[in-house]
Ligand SMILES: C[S@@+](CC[C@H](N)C(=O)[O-])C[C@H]1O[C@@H](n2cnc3c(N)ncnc32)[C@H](O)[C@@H]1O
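What follows is one chain in structure tokens, specifically the form predicted alone.
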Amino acid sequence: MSIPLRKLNDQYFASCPLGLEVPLENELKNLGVQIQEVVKRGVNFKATTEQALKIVFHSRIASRLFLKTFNFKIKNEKELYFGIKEINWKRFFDPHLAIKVIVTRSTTDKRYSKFQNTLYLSQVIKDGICDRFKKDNLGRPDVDLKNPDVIINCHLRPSENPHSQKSIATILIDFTGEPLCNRGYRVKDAKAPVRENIAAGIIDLLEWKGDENFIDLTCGSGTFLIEAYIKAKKIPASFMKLNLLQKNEHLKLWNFQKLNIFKSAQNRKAIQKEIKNSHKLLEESKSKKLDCLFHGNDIHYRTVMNLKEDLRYLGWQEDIKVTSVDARDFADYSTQKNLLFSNPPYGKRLDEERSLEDLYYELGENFKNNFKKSRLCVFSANREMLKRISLKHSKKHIISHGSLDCRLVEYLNF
């Protein structure tokens, strides 16, 4: 059985948390790519190899980057298998590399894909890949679900023709393997409550341009504070990996480095050029002077000590001040132009509810009474507690944070 394949040249998909599609679109435009379509949780676009590499090194908001390879129409699992087997997988990677297959689905005009068992479909795809390698007398790749060298994603969506029973299978290869949002700037490699790209996207949604002091009243591990600093200093988002590459340029830190299509002399040169350009930006950022101040605050002393340790590790301890006082009493820089930010507790335990009501209410009162030239931005999943802030909001956004639908609310005081 032969399945007609449609080759997708220079096409990519960047994923992001729900609610950050517009900031991601703007970021990709600034990196020079051609936007094709903004969809739920991501953006489809066309890009050259050089532009794709820029995204790897500089995107603050993308969760993952995928290289599109082919799409084809199918009506059952058998056609999916034969379509996968039609692809010349050797062009993309060698059979000694371990693979992982992921199947995702979407809707078209509220019509759902008839394919339900994604686990079974991933097995069908794996069989098609292995059988193609076997047909070409090249052996069979192993499967590794924890540390794969190559991640293949098959995205299924119903045909746009409402009378068609077929689905469209788009085959993508995960460009980086590890999520782009894993910056790696924690000393103890601890996971922050909010992912780095969510923090970066929120800062963009707030249209913070570095002309206001950035003050995080409940900074916790400092993710929002650090992401604001990275933006203001124009530090490449992958700066930690750039530091590793400076010590060993042959490290394979991203999955695209293992793909055969990046072993050509031209693409190896493109990679080295982007590494060199990104290193230059990183060095320039160290001497860049800023007009704003960065201040993190948290009532938990141990949390503040851990953040200070991270900042010393990064060499930013002189640029970012950290204190440990009650956010409701914070009054520094009250005569200056500030963006006061808070990602306060959401309240998972009943015994916290009373203190939470006081916290949210008094955050608003402190802002209203003491910061006349500023704005307050609160990010929370607790809608009831947000109502305790007795101020009229100027903007509101809904953003997915894991399984939670969170509100980003802005209040003005000028």
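One-based numbering along the sequence shown. Predicted, not measured: the structure shown is a model, and the values here were computed from it.
Below: the form predicted together with the ligand, not depicted.
Using a 4.5 Å cut on heavy atoms, which of V194, C181, I87, I171 is close to the ligand in the predicted complex? Checking each option against the ligand in the predicted complex, the one that comes within 4.5 Å is V194.
Work out which of K134, H300, R312, K286 lies within 4.5 Å of the ligand in the predicted complex, going by heavy atoms. Looking at K134, H300, R312, K286 one by one, just H300 meets the 4.5 Å heavy-atom criterion.
Does the ligand come within 4.5 Å of any heavy atom of L242 in the predicted complex? Outside the cut-off, so no.
Since only the chain is shown here, I'm wondering whether G210 would be in contact with the ligand in the predicted complex (any heavy atom pair within 4.5 Å). Flag for G210 set to no.
In the predicted complex, does V325 have a heavy atom within 4.5 Å of the ligand? Within the cut-off, so yes.
In the predicted complex, does G220 have a heavy atom within 4.5 Å of the ligand? Yes, G220 is a contact residue.
Given a 4.5 Å cut-off on heavy atoms, tell me which of 254-262, 278-286, 148-156, 325-333 is the interface stretch with the ligand in the predicted complex. Single hit among the candidates: 325-333.
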